[in-house]
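Coming up is one lone chain in C-alpha cells, specifically the form predicted on its own.
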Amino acid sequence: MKAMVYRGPYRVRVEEKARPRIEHPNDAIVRVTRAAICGSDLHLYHGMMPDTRVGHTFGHEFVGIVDEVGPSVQELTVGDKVMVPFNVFCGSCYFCTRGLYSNCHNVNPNATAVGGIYGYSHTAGGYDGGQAEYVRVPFADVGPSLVPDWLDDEDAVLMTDALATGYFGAQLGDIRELDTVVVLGAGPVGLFAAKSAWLMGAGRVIVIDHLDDRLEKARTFAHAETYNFVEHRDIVVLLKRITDHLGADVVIDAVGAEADGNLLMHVTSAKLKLQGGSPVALNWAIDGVRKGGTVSVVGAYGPLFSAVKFGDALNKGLTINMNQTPAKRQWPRLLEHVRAGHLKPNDVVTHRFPLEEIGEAYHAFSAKLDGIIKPIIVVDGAA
C-alpha cells in the first residue's frame, strides 16, 4: 500500500509499505478515504517529539471504510464507514471506565504518561497512523463509530481530533455565563475552542495569534475579537488593559510546543530540544488570566522539562485543567451541534492534497504558505 513515511526531521514522503494485517481478534483494518494533517503532526515533522522513528506513518485524524475485521469484532462489519478517534483505548481499564480514554492503561508501554495515539511516535505506543491507504485499528468494537449518513466526510474527519479537542479545551475552561475567554492560537483547535466558548455561555471571546489569515478566520468563523501579538510590545499588558486590568476569566492554550513570541524559549525548545516545548503560550495564559481564574491546556507538549511559571500560577490561585482529549466522549454532543447547524467543522479546511503529494502538504503547512489553516489528505481519489 501507499503510505506517508517519516525519514527524519522535515523529511516525509510516500512509499510502498506492507499492508497492515489483523494482529488480534479485536482488530479491524480500515481503508482510509480522508485524513488530515494536524498542527501536532508538525511537532513530529520538526523533530520535537522524542522516539519518532524512521519509517513511522503519521496521521491521527482519519475516516474510512472497514475492509477487514478480526473474529471477535461484533460492532463493525466490512463496508461500514467509520470515524476513528485519535486515541487508541481498551474501554475496560480503570481510566477508560471513567471516560478517560486518552489515559488508557493497556495500550502503551509508556502509559504512566499518556495512552495510545495513532501515528504519534513510540512515546504514544508506536501505532502507525492514517496518512496511508490502510490502517490497523485495535479494539475495533470500542474506538470507531459509524459515520451518520447526514455527516460529510470532512466534517467527520475533523471530529476525530481538531473539533473534539477545541470543544474539550472550552470544557476544561469551566466557562460560566458571560465569562471573558481568551484563546491563544488561531489554528483549527483554537478556532474550534473559540467557537465552542460561545456555545458554553461566554460573553466575550478573544483570540491571539500572529498570522493575519488565521486571525481573519477567527473573526469570520468564531466571531471573536482578535489581536496580533507581534503588533504589541507585551501581549499580557494588552490583555490586562482590555479586561479592566484584572485579566480574563479563562485562557485556553491551543498552541503547545512550538509557540512563537519569545526567541530564547523558541530556540531552546524548537531548535535545541532542551525543553519539551516552548512555554510561551502557557506562561502568557498564566500571566493573562485573572486571579482565581482557569487555564485550559490542550496544546501538545513533549515529556521533557519546560520552564513554566508555576509559582505565579500557585500565588494567583489558578485552576489549570489539561489532558489529551478523550475524543469519543465529545461526539454525542458535537453531533447534536453539527446537525443543528451550530458548528460546520469543514469551514476551517483551506487545502486538499492527494496522498501522493503529502510531502508538499507538510511543507506548505509547516511554512504556512498560501493562507493554509487546515489541510485534508484525500486518499481515495484526486484532490
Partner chain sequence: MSDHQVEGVPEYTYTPDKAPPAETSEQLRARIPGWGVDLDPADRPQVPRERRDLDLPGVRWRFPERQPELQPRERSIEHGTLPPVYGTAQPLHGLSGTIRRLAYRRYSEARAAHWLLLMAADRVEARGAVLRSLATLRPDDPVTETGIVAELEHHGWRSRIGRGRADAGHHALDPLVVGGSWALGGAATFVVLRRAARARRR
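Keep in mind the model is a prediction, meaning the values are calculated, not measured. Residue numbers count along the first chain shown, from 1.
There is another form of the same protein, the form predicted in complex with its partner chain; it is not shown, and what comes next is about it.
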Taking T294, K309 and K344 as a possible spot, do all three reach its partner chain in the predicted complex with a heavy atom inside 4.5 Å? no
From the candidate stretches 184-192, 309-317, 74-82, 153-161, select the single one in contact with its partner chain in the predicted complex, where contact means a heavy atom within 4.5 Å. 74-82
Is L199 part of the interface with its partner chain in the predicted complex - any heavy atom within 4.5 Å? yes
Please determine whether H56 contacts its partner chain in the predicted complex, using a 4.5 Å cut-off between heavy atoms. yes
Partner proximity in the predicted complex: L100 to its partner chain, non-hydrogen atom cutoff 4.5 Å: yes
How about P354 - does it come within 4.5 Å of its partner chain in the predicted complex, if we only consider non-hydrogen atoms? no
Does any residue in 334-363 get within 4.5 Å of its partner chain in the predicted complex, counting heavy atoms only, and if so which ones? H337, H342, H351, F353, G359, E360, H363
